[in-house]
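Below you will find one chain, with nothing else, as structure tokens; this is the form predicted alone, and questions on how it binds or moves follow later.
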Amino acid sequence: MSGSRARAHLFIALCYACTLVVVLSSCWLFLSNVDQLVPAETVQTTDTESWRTETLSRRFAGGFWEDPAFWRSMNLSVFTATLTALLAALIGIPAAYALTHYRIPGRGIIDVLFSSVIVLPASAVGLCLIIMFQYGPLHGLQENLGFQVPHTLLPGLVVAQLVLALAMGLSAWRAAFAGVNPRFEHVARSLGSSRWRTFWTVSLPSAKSGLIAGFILAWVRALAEFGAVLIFCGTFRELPVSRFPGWAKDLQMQQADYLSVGMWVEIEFGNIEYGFGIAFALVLISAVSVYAIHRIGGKGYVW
């Protein structure tokens, strides 16, 4: 008996040790370069081809938060991610309810499809979107309407983000509805409540925490999207100004880029320090979002 107890204690100690290694390594990964974000020496940039003509730091990322181009990119990313998450919720929440409460033909195929989208490389999603919008009926529809979706500021970003954001959000929303005690819904129906009234007064309030967590998850997934956005929309700094609508020019969106794409572009241009600054901002946003998910009761193992 003492031998079994000793093995159990050894196993628990091993689990604690592994957890400690994971926590410390993660903290070291994200916090080891925090001091590099503090500017030590500044220089006035004079490159007329650069967006950043303001005072920046010589020492690593430095004062990247003082760059108006960074904040324009941040506003663009937050706005389109919010719009995408709202659209994903508008489609995904009713779909999740239907998948958990009705016997839909081919539900197994739907499960495999959305699970495959989650694990599929985002660049493959972007390539599929390019082919879908550049050939076939959608291409003809765009020509007849006089606009195009690929390589555009607002519709292009939302479409590129929506596929993966919807897949991630749908998983959480289905888990939220599946966790609702069906007895509550049956009691409401037995008292004469319609399906629609039961959905609004029983199912939605009971699944509220999971639905909010799914929305945050869809928003973070949209904000962090890279591969699909890069292939489907490209980098906006390389597009001619004539490709931007008037409101985008007024907001100087031609001097902005999606955050994740902007990080990659900065690294490709050799501005590794500035790219790290954008990466650090994305890490902070993701960390705060995940913290919010756990605070409202979202279960991390769902996604």
Partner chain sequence: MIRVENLSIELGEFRLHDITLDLEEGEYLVLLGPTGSGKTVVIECIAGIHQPRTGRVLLDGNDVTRLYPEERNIGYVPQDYALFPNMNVRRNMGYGLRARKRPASEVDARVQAMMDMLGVAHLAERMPLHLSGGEKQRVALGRALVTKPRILLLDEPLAALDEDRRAELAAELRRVHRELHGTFVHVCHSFEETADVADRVAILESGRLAQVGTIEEILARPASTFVARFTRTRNVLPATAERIGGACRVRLGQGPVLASDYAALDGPVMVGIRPEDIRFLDGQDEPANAFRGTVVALRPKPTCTEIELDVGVPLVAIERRGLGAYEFQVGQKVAVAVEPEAVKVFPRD
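Fair warning: this is a prediction, and the values are worked out from it, not measured in the lab. Numbering follows the first chain given and starts at 1.
Beyond what is shown, the protein has a form predicted together with the partner chain; the following relates to that form.
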query	finding
4.5 Å heavy atom contact, Thr80 to the partner chain in the predicted bound form	no
Contact of Ala188 with the partner chain in the predicted bound form (heavy atom, 4.5 Å)	yes
Distance check, Val158 to the partner chain in the predicted bound form, heavy atom within 4.5 Å	no
Exercise: Ser206 in contact with the partner chain in the predicted bound form, heavy atom 4.5 Å	yes
Listed residue that, although the partner chain is not shown, lies within 4.5 Å of it in the predicted bound form (heavy atoms), from Leu211, Leu76, Leu153, Val202	Val202
Residues in 178-201 with any heavy atom within 4.5 Å of the partner chain in the predicted bound form	Asn181, Arg183, Phe184, His186, Val187, Ala188, Arg189, Ser190, Leu191, Gly192, Ser193, Ser194, Arg195, Arg197, Thr198, Thr201
